[in-house]
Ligand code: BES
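Only one chain is given next, in structure tokens, and it is the form predicted alone.
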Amino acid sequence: MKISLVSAEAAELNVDALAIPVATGQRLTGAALDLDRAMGGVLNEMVVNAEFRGRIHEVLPMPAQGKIAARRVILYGLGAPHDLDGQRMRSAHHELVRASRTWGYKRIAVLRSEPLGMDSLKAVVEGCVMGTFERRSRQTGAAPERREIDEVGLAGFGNGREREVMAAQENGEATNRAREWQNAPPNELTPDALAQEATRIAQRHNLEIEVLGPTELKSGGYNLMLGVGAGSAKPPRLIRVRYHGNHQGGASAKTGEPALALIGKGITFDSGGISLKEPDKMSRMKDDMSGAAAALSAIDVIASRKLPLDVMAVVAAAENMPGPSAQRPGDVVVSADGKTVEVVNTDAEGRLVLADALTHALRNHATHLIDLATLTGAATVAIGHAASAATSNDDEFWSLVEHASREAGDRVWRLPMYADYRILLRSQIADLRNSEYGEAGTIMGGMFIAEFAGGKPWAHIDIAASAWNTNDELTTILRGPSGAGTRLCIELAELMAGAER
């Protein structure tokens, strides 16, 4: 899909449909009002009479009847202005494009009008690109429900902003790529297949790539990784892709220079292991690698932009299965950093693989750590599908993550890690236990991982709910896989790179 800035007057745009944003409770103004006059006042009449209310995801096409060059005019809703943030902005344009594809429009234009400001360009482009995503079907002979759009014109957003458009388009495409991986069948996207995807990214950008299999994992003491993957016939992989943004030829980072690690939970299928999950909805456990998808998609973009920052993506890829060699509740395992862990519940496997992944990142000189994981069902209870829950050990680093979240339209909400909770991590026979803390489940998952951060600035993003919306009633949040965390990681790298310039 081609996205470009256009300078022609809105009434002169020769497209299949010209889209006009409408906020709940507001009349048309500015360029939209000029277009309304050309249309004989029918657009504002629809708004004033509440025939179109401007609710988010509300999309209404109308015939232009030859009064302007476009064949159709689309009114699309942004919701109430005081509710409009980056995530809802992207969601509104996602639905605009999906509806336009359903109606078969090949060329559309988006008119900038209140409440869209000049600074909304990134959100508009990313949302439009995200609207091209479809869950890739394995059905044979099925006709596509939606057709593809060839061109999107952006009217009223100014000139000379092509680089902004291109960057936003890359961000949207990266999000969709993560969504494709989330949706891939687990018999296709195995730990080894995920390693192959990482290898392709590394080859495309000439990046450092390391993939540890069972032999290397054993040599490195990555026993938590090995324990989680022990029940599967498909062995685990600890994957590291590194972009040396400050150093040519793969030279090592200098002391004191930042190196950001994007650490993704890559459980390509999670049965729960011996602590078997309920069969209901287990088929969706193919998305337990959503954090890995975000990390890999992000480093693909980061490397393509040649940011002046060292960044590595570390992915802990495994299947959690109840095979004859599977780890048991009650096992005690020595982690790669030497801490002993009592495995109380084998379905709390994400924090185990992430613990070893953090150690691997630190061994490769990471100075700042952010992990992304579909970690706890408690995150759905705590914060729901509309945002990601988060914890962090460093206020300064967290301020960067929060800023990146706002820029990306990828909501996060920080939960506290009170010292009082540490006692809940204790085990009677090991340094830590991995589950059954009795309360504060999302916080405790984060606090377990924090034990392996080596005192470095670290943030944990629990995307268990935000990665995939399963709530039929929560209709203002995109259904299905979301690619949560992808744009956040890109923006975080951009911010850190900017600080280093």
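So that there is no doubt, residue numbering starts at 1 and follows the sequence shown. What you are looking at is a predicted structure, and each value in this text was computed from that prediction instead of being measured.
The form predicted in complex with the named molecule exists for this protein as well; it is not shown, and the discussion that follows is about that form.
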* Asked: Would you say all of K277, R284 and R351 touch the named molecule in the model of the complex, counting a heavy atom within 4.5 Å as a touch?
  -> yes
* Structure fact -> Note: the named molecule not shown here; in the model of the complex, the stretch from 238-246, 357-365, 374-382, 76-84 having heavy atoms within 4.5 Å of it is 374-382
* To do: Flag N345 as yes or no: does it have a non-hydrogen atom within 4.5 angstroms of any non-hydrogen atom of the named molecule in the model of the complex?
  => yes
* Asked: Is there a heavy atom of D410 lying 4.5 Å or less from a heavy atom of the named molecule in the model of the complex?
  -> no
* **Partner contact for A464 in the model of the complex: the named molecule, 4.5 angstroms, heavy atom** => yes
* Asked: Any of the heavy atoms of D270 lying within 4.5 Å of the named molecule in the model of the complex?
  -> yes
* To do: Work out which of E126, D310, D300, D288 lies within 4.5 Å of the named molecule in the model of the complex, going by heavy atoms.
  => D288
